[in-house]
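Below: one protein chain in two forms, given as structure tokens, structure 1 then structure 2.
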Structure 1
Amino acid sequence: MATAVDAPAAPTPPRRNRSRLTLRNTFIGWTFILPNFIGFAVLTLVPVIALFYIAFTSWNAFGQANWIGLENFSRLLTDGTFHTALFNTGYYAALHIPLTLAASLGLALLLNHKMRGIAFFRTVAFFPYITSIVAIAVVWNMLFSPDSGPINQFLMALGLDNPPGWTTSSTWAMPAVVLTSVWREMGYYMLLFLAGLQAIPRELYEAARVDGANAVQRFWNVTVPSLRPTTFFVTVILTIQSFKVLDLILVMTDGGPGTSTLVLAQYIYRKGFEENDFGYASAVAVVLFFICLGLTVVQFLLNKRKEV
């Protein structure tokens, strides 16, 4: 009598195993990035969306926001203080961006050489960036003091009879803020340029030397083109930071004398948190957002054209 033989169990299809492995890896990946996404959505995305809505309303942080359409943006056209803040922001950016680029690149070139104590000097150059901005403002206000400040004492020792009034002068207050800001931030951007310099292959400099290029020619024909990605990144970040400057001006001059150092970020703060006009403050913030967005897009297009 023949006995029935049980058929061997069918092996699990390899495709199912791969699906389970993919699902497991995807789940693990989401557990790592989901907290960041949730934080971004709650702390950044939702407030930005709310900002665009509030810009079209009249809202004082209490009660219901009333929809008023483009009225807040119409007020901007006739608001003289807004025009002053817009001009001051552009003035600050026009001085701050090129000076910080030049100072940080020069510092990086200087500290890119092998010499004794180089780590110490790099740390000293970076130290102002991590120093309290309040302490920096107090110290530089003492240095810029018109009567007893060391800077004016030095200028008078050189024979200058009427040195600038710096932070007490409506003409010299913004240059004083820009100089302080450049001194504080050049160490941070120096590190970015230093990383870019050390990524340039040494063979390029050796080939240039063989061709008879001097130091200036090697800088313009090897260093500058090789640093273009770093320079582009630094320029974009500097532009955005220049247009949203607030903390240094707030503690150094508070927008004065008069409105000579009032910038858009401080004007938004005054309208929103001092006058409770959050609708109008949001409209100014939307304008500032599109200025930064437009300048960034232009910089990307110019950089892309150079790459072609």
Structure 2
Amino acid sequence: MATAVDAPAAPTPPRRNRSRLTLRNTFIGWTFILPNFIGFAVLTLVPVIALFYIAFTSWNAFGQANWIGLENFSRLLTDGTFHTALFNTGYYAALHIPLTLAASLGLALLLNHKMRGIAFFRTVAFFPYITSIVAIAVVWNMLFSPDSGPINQFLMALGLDNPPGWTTSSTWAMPAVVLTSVWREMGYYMLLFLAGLQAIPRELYEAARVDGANAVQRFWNVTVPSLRPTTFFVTVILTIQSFKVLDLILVMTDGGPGTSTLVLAQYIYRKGFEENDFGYASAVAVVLFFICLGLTVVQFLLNKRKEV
């Protein structure tokens, strides 16, 4: 009995020291994190949690938030504009993701050579990504101008009699927006692909060459499989980016003509900031939240299964 109690007595002082050290470390560690964490918690974590409450209320800017349960969500089921926005967002993603993947991988393959001036070309390709959305949207809107814009002049010079109306046509507005965003973003994803390409061991290519594989075979049998982690990573980011697209559309088409380029994020913006229907806008935001979360999870699961 006594021994059982006494036994731990001996190592107690160091343990107390250690726990005091842990305590001290915890305290100091928190002081480092706190200045950022307070801001992060108040401005990101709390709003994310609050979103799920507001989505169940009816709330305009001034009155009280009234709990209305699932009403907002059942309203979504019959809201035609919401369905359009949902469809358009999917349409945007369906065009934007594969085009950007192809363009950025193509650029990366082209610029993955060790030669004079290569840094300049990479810099050029990356530059559109860091210029302002407004300037880009304005310039491309002019380039896409239906009557005498440079793009249609070019198309007519090629012999096209009836070039598209681009941002003034409900059929062509979305492709115009997608082309602009692919042009803007491909440099960024190109850099990610470049980093991935340069992590591929050269020996793999040499071995393939010895086995008599030509350039096309080397691309499919060495480059593509080795790039899989990068491609996965790029696709995940690209998907989230596609589903939250807003500013480019806001400036280029403002969702129009009609509702032909209205996307989910813009519907949130409209309902919330233009119509002060915070509760309903939050319900749409919850949908956006779960789409992004769901797609990320699905992609992670698919990636895991392929790895096995």
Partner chain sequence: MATVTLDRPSATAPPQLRKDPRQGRKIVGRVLLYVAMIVAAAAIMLPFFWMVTSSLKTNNQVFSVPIQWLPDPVVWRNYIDIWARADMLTWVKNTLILSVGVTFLQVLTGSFAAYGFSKMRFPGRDVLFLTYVATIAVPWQAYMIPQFIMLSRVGLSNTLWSILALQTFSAFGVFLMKQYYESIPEELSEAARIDGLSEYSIWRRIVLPLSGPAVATLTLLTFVNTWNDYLGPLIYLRDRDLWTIQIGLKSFVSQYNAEYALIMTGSVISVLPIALIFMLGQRYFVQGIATAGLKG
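Every value quoted in this text rests on a predicted model; they were computed, and no experiment measured them. Please note that residue numbering is based on structure 1, beginning with 1 at the start of its sequence. Take the two forms, superpose them, and find the largest set of C-alpha atoms that agree within 1.5 Å; that set is the rigid core.
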| query | finding |
| --- | --- |
| Chain form predicted on its own, by structure number | 1 |
| Leu246 C-alpha relocation of at least 2 Å between structures 1 and 2, rigid core basis | no |
| Core-aligned C-alpha movement of Trp30 between structures 1 and 2 reaching 2 Å | yes |
